[in-house]
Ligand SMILES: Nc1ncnc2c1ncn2[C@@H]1O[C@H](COP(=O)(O)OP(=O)(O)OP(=O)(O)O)[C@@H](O)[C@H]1O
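Just one chain is shown here, as structure tokens, and it is the form predicted alone.
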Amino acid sequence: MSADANSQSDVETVVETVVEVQKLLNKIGEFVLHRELDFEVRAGEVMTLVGGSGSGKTQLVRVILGLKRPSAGLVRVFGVGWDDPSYARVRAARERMGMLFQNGALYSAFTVYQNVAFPLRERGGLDEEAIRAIVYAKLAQVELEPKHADLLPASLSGGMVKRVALARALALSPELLILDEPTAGLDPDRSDAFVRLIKRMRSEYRFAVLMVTHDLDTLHDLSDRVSVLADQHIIASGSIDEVRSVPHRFIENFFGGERGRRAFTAA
């Protein structure tokens, strides 16, 4: 093989890292939550983060979002650290992310339209006609109709709240979507429908996903890779089969129980 062919092969195998965490030390007061934690999300993949109650999954997501400053370690999103002195670079990186909170976190006094329009108005640079076009396009993407735009969150079903929250998270066409327990509180049919929606949108737009979930069916249906948070750091990361084979009590209990056997037997 020629040198040029080797170079081309190297280029093709380069994997872009969307989220990069190295040697993270994360504390709450004097309590050490994470130590020597390494974690990454690659472009275009669904990375699922799992861990027991109190393992610090939410706190890790807060660090990745830049909402919490770690005690030590490197955290970069799209190659930008949240301590970067350039406000423009930090703002640009933030605008490449979308966040779907567990309970939707819709503004209760805002209509559906106003909730989805909110990040567009915050970013600025668009007139109302452009905002309206984007809002209705995003609602259509999550299978909601124009008639839903004037509703308040209190009048929405749980499944509709999730869809509106997803439309808002996607308003800026992010390259990284963070999902916090995306199917929590949904009945099985609505949960399956929401998973199908995420799958369809990923196939169309190829954004990366960082998902936190304890639901094994959702994990099985969506994940490309899984990382397990326990003992203050990531103890395993890889495909579902690779992670399931790691000898650790949490992994054995999480994947090897009745729910785990039911979710993965068909696979």
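Don't overthink the numbering: it's just position in the shown sequence, from 1. Please read all numbers here as calculations on a predicted model, not as lab measurements.
Just so you know, the form predicted in complex with the named molecule exists too; it's not on screen, but the next bit is about it.
Chemist: Heavy atom within 4.5 Å of the named molecule in the predicted complex: which of H220, R225, H214, R35?
Modeler: Contact check passes for H214.
Chemist: Let me know the one among G66, G238, G52, G44 whose heavy atoms come within 4.5 Å of the named molecule in the predicted complex, would you?
Modeler: Residue within 4.5 Å of the partner: G52.
Chemist: When the named molecule is placed as it is in the predicted complex, which of 36-44, 58-66, 199-207, 238-246 ends up with heavy atoms within 4.5 Å of it?
Modeler: Within 4.5 Å of the partner lies stretch 58-66.
Chemist: If the criterion is a non-hydrogen atom within 4.5 angstroms, does every one of T111, L152 and D187 touch the named molecule in the predicted complex?
Modeler: Result no, not one residue of the spot touches the named molecule.
Chemist: Although the named molecule is absent from this view, report whether E95 comes within 4.5 Å of it in the predicted complex, heavy atoms only.
Modeler: E95 lies outside the contact set for the named molecule.
Chemist: Using heavy atoms and a 4.5 Å limit, would one call D192 a contact residue for the named molecule in the predicted complex?
Modeler: Heavy-atom contact with the named molecule at 4.5 Å: absent for D192.
Chemist: Taking heavy atoms only, is Q102 within 4.5 angstroms of the named molecule in the predicted complex?
Modeler: Yes, contact at 4.5 Å.
Chemist: Using the arrangement in the predicted complex, list in sequence order the residues of 115-130 with any heavy atom within 4.5 angstroms of the named molecule.
Modeler: If the 4.5 Å heavy-atom criterion is applied to the named molecule in the predicted complex, 115-130 yields nothing.
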